[in-house]
Structure formats: C-alpha cells, structure tokens
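Next up: just one chain, as structure tokens, the form predicted alone.
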Amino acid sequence: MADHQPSTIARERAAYRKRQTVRSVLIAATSTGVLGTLLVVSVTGAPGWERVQQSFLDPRIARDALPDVLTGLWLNVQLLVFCALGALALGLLLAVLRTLRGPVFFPVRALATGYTYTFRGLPVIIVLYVLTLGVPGLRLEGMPSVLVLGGIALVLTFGAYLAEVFRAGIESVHASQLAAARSLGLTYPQTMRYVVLPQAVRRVAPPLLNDIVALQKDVGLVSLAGPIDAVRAAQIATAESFNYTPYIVAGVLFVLLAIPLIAVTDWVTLRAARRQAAR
C-alpha cells in the first residue's frame, strides 16, 4: 500500500501554522525582552538603587546565611507535609458531615457549619498565637511542642477552607447518581466512597492544590511562635548582620519550593479544562 501523501492544501495549511507559531514565539520573546529591559533600567536607575542593593542583595551575606536558611527550610517542608495531610483529612471529614441529610444529623451539620464559618473568618495569625502562646499556658500534662501546636493551628484554619472546596465538589455530583447507586443496593457510606467522592475530588483538584500552595507560604508564620524555620533563620541572620539579604534568600527558596507544586496545579487545571471541553 502506498504511503499517504498529504494534499497541497494540507501542506500549505501546515506550513502556515508553523509560520504563525514561529511568529508568535518571536513576538513573545521580543516583548518579554523589552519589558524586562525597561524594568531593569527603571529599577537600577533609581536614585536609591545602590542603597537598596547593599541592604537587600549583598552576595557575601547571602552566601553566609544560606546554610542556616536551608536548614530552616527543611523544617518548613516537614511542617508542610504534616499540615497538608491534616488539612485535607479534616476538610474532607467536615465536608462529608455538612452534606449529611436528615433531621437527626442537624446538630452535626450545625457544628461543622459553625466550625467552617469561624475558622474561615479568623485570621490565621490569631489562631497561631492562641494555640502556641495561650494553650501552653494551661500547663497540661503531655502538652505537645510549640511547633506541633503551630502546625495544628494551620491545620484547623486551612481545614475549614478545604472543607468548602470538598463540599462544592460533592454537591456538583448529580443527585441521580446517588439515587442510582442506592438503587443498586449500595449503602450511603459505600455510595460516598465509590461513586461521589472519586468524582468530587477529581473535579475540585485544581482549587485544592491552590489552597495547598497558599498553605506552603503560610507555614513560614510558625516562626512567630519561636521555631527556627527558614524565616526565623533569616531573621536571626539579619539581626547579626544588620542587612536584609537573608530575607531575600528565604523568599527565593520559598519560591523555588512552590514552583513544582504550582506547575502541577497548572497541569491539573489545564487537563480538567480539556476534559470539560471534550464533552
């Protein structure tokens, strides 16, 4: 069988698309270069640039502070894993409780609703201070460390946000699917586990990941309670050198830490949009 040969019109169409792609890339590169040049010239040409450079961008101080900030960043990573898992579990539990039907479950729904309203309204820094400074004052036996209490404060706050995301996903599943599952003999827990939750989690995966990215930044707030994480290490280095460069080092490390998670979020969002468009 002879190989397929595209027609003249098909080859011209492919060549036109290729030229348009090259043209778009060149225009994007040129505009990015022009904008970047204007920004660099405007910032470095400012009257106070030299003073800002000395205070925030000192290479020697950055090199000296980097080991301690990196050590503190490892604490942030561990705290992020603990808080992300805890907030996801708490959020899913609250969402399921809020979607329970029947008057007998009203107290449970009311408690879950009150919880989400309260912790979505409270600033995270206040929750952090109450748990890390107020709770230890009770002097109870077996009190966890300040770091654990700070992590619990983040779990309590972000669990409320994630609960609303999970609830939106659960309520997006059409009621006919629940009725179909129940008509097949599945119990309510089995319906939630095998029918509702898999679809709900897949639908709300992008906003869930966005909230985890926000959590990744806020784990640095635990430094206010005393643990030496990346931000606290930068603060100590700044106090020793009277220079703010360690804060820039910590900020850059946080950005580098967030980039993979942000990339995954964008990929999941794009995939969900393509799946939706294909229907």
Partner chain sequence: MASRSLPVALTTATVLLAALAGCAPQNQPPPGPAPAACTKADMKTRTPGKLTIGTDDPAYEPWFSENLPANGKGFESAVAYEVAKQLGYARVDVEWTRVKFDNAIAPGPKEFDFDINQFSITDDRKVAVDFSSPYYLVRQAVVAAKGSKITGRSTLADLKNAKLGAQVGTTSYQAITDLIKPTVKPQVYNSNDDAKKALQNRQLDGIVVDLPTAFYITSAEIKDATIVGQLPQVGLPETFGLLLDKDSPLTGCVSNAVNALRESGKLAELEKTWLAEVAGAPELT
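Positions refer to the first chain, counted from 1. This is a predicted model, so every value here is computed, not measured.
Keep in mind the form predicted together with the partner chain is missing from the figure; the text below concerns it.
*Asks:* Give a yes/no on whether V146 approaches the partner chain to within 4.5 Å in the model of the complex, heavy atoms considered.
*Replies:* Heavy-atom contact with the partner chain at 4.5 Å: present for V146.
*Asks:* Using a 4.5 Å heavy atom cut-off, state whether G226 contacts the partner chain in the model of the complex.
*Replies:* Heavy-atom contact with the partner chain at 4.5 Å: present for G226.
*Asks:* So in the model of the complex, does any heavy atom of L133 sit within 4.5 Å of the partner chain?
*Replies:* Because a heavy atom of L133 falls inside 4.5 Å of the partner chain in the model of the complex, the answer is yes.
*Asks:* G102 near the partner chain in the model of the complex, any heavy atom under 4.5 Å?
*Replies:* Flag for G102 set to no.
*Asks:* Could you tell me which stretch in 187-195, 137-145, 155-163, 169-177 has residues with non-hydrogen atoms within 4.5 Å of the partner chain in the model of the complex?
*Replies:* Careful reading of the contacts points to 137-145.
*Asks:* Let me know the one among I27, V213, V41, A239 whose heavy atoms come within 4.5 Å of the partner chain in the model of the complex, would you?
*Replies:* Selected residue: A239.
*Asks:* Heavy atoms within 4.5 Å of the partner chain in the model of the complex is the criterion; list the residues of 148-179 that meet it.
*Replies:* Contacts from 148-179: none.
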